[in-house]
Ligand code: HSE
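What follows is a single chain, given as structure tokens, in the form predicted alone.
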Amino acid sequence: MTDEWIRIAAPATTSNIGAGFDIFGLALKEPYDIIEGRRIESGIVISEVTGPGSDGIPLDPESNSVSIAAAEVLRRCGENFGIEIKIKKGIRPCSGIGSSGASAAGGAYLAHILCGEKLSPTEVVICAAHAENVTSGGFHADNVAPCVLGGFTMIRSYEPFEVVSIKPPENLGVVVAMPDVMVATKESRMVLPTEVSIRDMVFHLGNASCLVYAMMTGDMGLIGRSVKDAIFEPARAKLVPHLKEAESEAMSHGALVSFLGGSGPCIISFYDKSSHDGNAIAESIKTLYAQNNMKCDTWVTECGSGCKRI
């Protein structure tokens, strides 16, 4: 049995993306978690957790999404060896850019490599989503799917599970702004409406369909016009101070669209890299929060390729 350490980079993701609640996801190039692991005789042991928010991340393998996902991969592969795991968080928990999803996907992908890559990419996603279900109380794959597969992902169905990934336009730049606010996924789901009107449903269907078309064809203007949400962001806006002001700042500095990332508090802005400067968008949002005595971290990044061995 080899004791070679395997290192996996598991990237941040943004989910929902306008009308695609629990359906759309997008892998980012950075930030990312690093999940390290090696085979041991038996059991799963988390020997180290470092990085932002690590003090609140459990070392108990039955409560940690990395180890839960890894254990599910071992079960599906019929393997009985154990894994020692080290976690280096680059994505702060309660950020809105898939911190728990990166942990789950990274754990699943690590175990997948250690098992000799016996599973299909979709099965790896399912193992990661299983961990999300255990830790957050809902089987949703809008973060783990792009984290594993990369690109822009769409979940056609949860029962049976089917996910599709496409490569976004090369010119699509992404600005991530993370104000110093904590928004837990469970809390953010509690404020959502349980019913929607037919009018809002039609609005969402139209925009969701056009966003997929725009991503496939590279129509940057249509991407900007199609990231619309009449239901979920309005319900969650009160959880993120100065959200609408920040979105307005991004738009005035060249963003195609600016919206709440996942459950928040991250604010995501898309821009055309061939014609605009993402740094100007990032600085405008950071300045807004500074003027309101709040810290805001930013990343100027782009679409990513998903989990990878480094």
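Since we're looking at a predicted model, the values are computed, not measured. A residue's number is simply how far along the shown sequence it sits, counting from 1.
Not on display, but discussed next: the form predicted together with the ligand.
Screening 130, 92, 236, 204 for any heavy atom within 4.5 Å of the ligand in the predicted bound form leaves a single hit, 236.
Among residues of the shown chain, residue 228 is not one whose heavy atoms approach the ligand to within 4.5 Å in the predicted bound form. Contact annotation for residue 22: at least one heavy atom lies within 4.5 Å of the ligand in the predicted bound form. With a 4.5 Å cutoff on heavy atoms, residue 86 does not count as touching the ligand in the predicted bound form; it lies far away. Mapping the unseen interface onto this chain, residue 189 counts among the residues with a heavy atom inside 4.5 Å of the ligand in the predicted bound form.
Picking from 241 to 249, 29 to 37, 260 to 268, 55 to 63 the stretch near the ligand in the predicted bound form, with a 4.5 Å limit on heavy atoms, gives 260 to 268.
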